[in-house]
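Shown next as structure tokens: one chain only, the form predicted on its own.
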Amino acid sequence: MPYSIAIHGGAGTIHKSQMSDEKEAAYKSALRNALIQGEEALKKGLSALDAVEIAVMALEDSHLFNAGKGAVFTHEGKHEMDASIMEGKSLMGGAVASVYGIKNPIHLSRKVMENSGHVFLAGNGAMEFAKEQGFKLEPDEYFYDELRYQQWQEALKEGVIQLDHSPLKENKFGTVGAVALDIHGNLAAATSTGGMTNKRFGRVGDSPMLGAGTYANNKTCAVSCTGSGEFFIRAVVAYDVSCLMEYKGYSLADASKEVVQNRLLKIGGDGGLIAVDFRGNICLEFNTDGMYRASINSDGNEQVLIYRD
């Protein structure tokens, strides 16, 4: 059986003119590192679920992306993280929202799926479960990043909630995610995020919501989204791609294009998604200027990209 894996590190207003060569190289290196870790798992015969978890953990461990170590600041100056994971064989999934101090929220999501008897845990309950599962809480300093801090200060001063981790009025959605097809023919998807800079009221976006930000079904595809979360929730984006394939017979490319370039835009949503189908086809679809993305398959076709071109 062939295998395929794709990852993303967020979509949005990403212009080459605003990126130094050094920064671009750092982003590409971090993306490729996560991609290759995920591919190595697939080469060893591990499951798609293992591969997407490993790839997303690598992205969570990088300060460059708004997930895990690089999570943005909330209005209160904290880091609230959300994540979800799903596998396509049995449609099992796990998710967490508004957790803090957790180095790898995607790993906690998998524990929810396998050990809690539930699908979605949030806030204090999710933290209680994490402690029961033996998770060690990282100190606030672990999540501190000077760039993130300055963005928070700017957002506080402007009195806005920022859907990105770039300068104000520059949209960049810092979610990370991975999708994979393993050699056993199974699909899986995973998504993790630090949410919005200066977010309030325990806001939760689409990333931890199965069907909105993450979805996997062996009959169709695996999808991980990044973008303006409120719109992705309302459009049930990840499931909509699968739905068009299952009930309308769309190809992965056509379904992804219809959802991202038509349905999402019609309601004012921007962002993108990565997807892989049960045959190993990969789609990296977005309606923004760029999306941090990378993919590879068993034929050795590898790409690591940032801009639209």
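The numbering used is simple: start at 1 and walk along the sequence shown. Since the model is a prediction, treat every value here as computed from it, not as a measurement.
Beyond the structure shown, there is the form predicted in complex with a further copy of the same chain, which is absent from this document and is the topic of what follows.
K.L.:
Tell me, out of Glu158, Glu132, Glu114, Asp140, which residue has a non-hydrogen atom within 4.5 angstroms of a further copy of the same chain in the predicted complex.
P.N.:
Contact residue from the list: Glu132.
K.L.:
If you check in the predicted complex, is Asp254 within 4.5 Å of a further copy of the same chain, heavy atoms only?
P.N.:
No.
K.L.:
Consider Glu230 of the chain shown here, and say whether it contacts a further copy of the same chain in the predicted complex, taking contact as heavy atoms within 4.5 Å.
P.N.:
Yes, contact at 4.5 Å.
K.L.:
Under a 4.5 Å heavy atom criterion, is Lys44 part of the interface with a further copy of the same chain in the predicted complex?
P.N.:
Residue-level check for Lys44: no, no contact with a further copy of the same chain.
K.L.:
In the predicted complex, does Glu246 come within 4.5 Å of a further copy of the same chain, counting heavy atoms only?
P.N.:
Residue-level check for Glu246: yes, a contact with a further copy of the same chain.
K.L.:
Is it true that Phe120, Leu210 and Val236 each have at least one non-hydrogen atom within 4.5 Å of a further copy of the same chain in the predicted complex?
P.N.:
All of them do, each having a heavy atom within 4.5 Å of the partner.
K.L.:
At 4.5 Å between heavy atoms, only one of the stretches 102-110, 179-187, 214-222, 140-148 reaches a further copy of the same chain in the predicted complex; which one is it?
P.N.:
Answer to the contact question: 214-222.
K.L.:
Residue by residue through 175-205, which ones have a non-hydrogen atom no more than 4.5 angstroms from a further copy of the same chain in the predicted complex?
P.N.:
If the 4.5 Å heavy-atom criterion is applied to a further copy of the same chain in the predicted complex, 175-205 yields Met196, Arg200, Phe201, Gly202, Arg203, Val204.
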